[in-house]
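A single chain comes next, written as structure tokens; it is the form predicted on its own.
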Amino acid sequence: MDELGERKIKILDAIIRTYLETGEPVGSRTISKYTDLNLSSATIRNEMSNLEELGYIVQPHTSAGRIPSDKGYRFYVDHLLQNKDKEISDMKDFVIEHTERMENVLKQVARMLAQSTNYATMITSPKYSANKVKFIQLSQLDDNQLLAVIVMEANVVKNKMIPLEKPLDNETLLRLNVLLNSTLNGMSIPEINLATISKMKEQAGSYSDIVGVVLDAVAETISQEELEIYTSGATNIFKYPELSDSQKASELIYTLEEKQQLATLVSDSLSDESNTGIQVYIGNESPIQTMKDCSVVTATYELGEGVKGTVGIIGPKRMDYEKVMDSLKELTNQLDGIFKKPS
């Protein structure tokens, strides 16, 4: 790193990336189109000569362009991993801080809503319904193991260990990284169809099994995403005679505490792409058996494209619907500002 300035690093990076994509020696004119240095071809040729003298690139034939040397590949891999590791570390720090803050805020929201309405309340953590691949990083840990780090746009990170029958050379590893990222970046699970998978495996050749494992891990990353539900004000139901029967009350409180049935209600609501407003379930309209004597009012809040959560209020059929709806509308409008990531 010390012997290379920023300009040489950018030119070397452009040479390697271009060579990985084309498989052809790279000339100065090609590099001048891909860098943001605004340098002439002559200046780039001089820098390429310096990189060749330093051993980072080689010229396979007279009058041909350059290709990366082993030293160049090593610099690229180390530099790439260093940058990606920092990005992942920064992202994990944000996710931890963001998650702790979110949990505290959502619990407080549920309590305040229960106090202001005198009903039982629930609120869910945001669900990333259309999560997309941000980037994938393959790193060889040793001759027998490959580490795949999968990062989704919603800051969900998954590590997947992939066993190897034989070690991968640097060029193969980099080609797989380029293939995975150039194809999958910005794609969601529904968009990764059979044609995409078949083409990727064909391009990967004898390493198609590695691509298959990575695709499975992307699917697992989304499917294992947990939905947290926070409730408050369960004892408020005793304030209403029609709900205070001991059996009905105990069943309702159990539903609020156990949360599994609430998760079903929420999942059905979030899976409806058109549902971004307020939903009212009165009596038998509720999908939850223990809430047949209640009214349930839910609203979907959005924190960005594909990022949704649900807030709900459970009370007697004679609840103050106008007050409940006004409270939910105000709350959903405020949540975006609370959790928006600072730029």
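The numbering used is simple: start at 1 and walk along the sequence shown. Note that the structure is a prediction, hence the values are computed from the model and not measured.
One more form of this protein should be noted, the form predicted together with the DNA, which is absent from this view; the next part is about it.
Candidate stretches 294-302, 23-31, 277-285, 308-316 - the one whose heavy atoms come within 4.5 Å of the DNA in the model of the complex: After filtering at 4.5 Å, what remains is 23-31.
Give a yes or no for residue 8: in the model of the complex, does one of its heavy atoms lie within 4.5 Å of a heavy atom belonging to the DNA? Taking the distances in the model of the complex, the answer for residue 8 is no, it never comes within 4.5 Å of the DNA.
Spell out, yes or no, whether the shortest heavy atom distance between residue 290 and the DNA in the model of the complex is within 4.5 Å. Answer no; every heavy atom of residue 290 is more than 4.5 Å from the DNA in the model of the complex.
Counting only non-hydrogen atoms and a 4.5 angstroms cut-off, does residue 43 reach the DNA in the model of the complex? Residue-level check for residue 43: yes, a contact with the DNA.
Would you check, heavy atoms only and a 4.5 Å threshold, whether residue 65 touches the DNA in the model of the complex? Yes.
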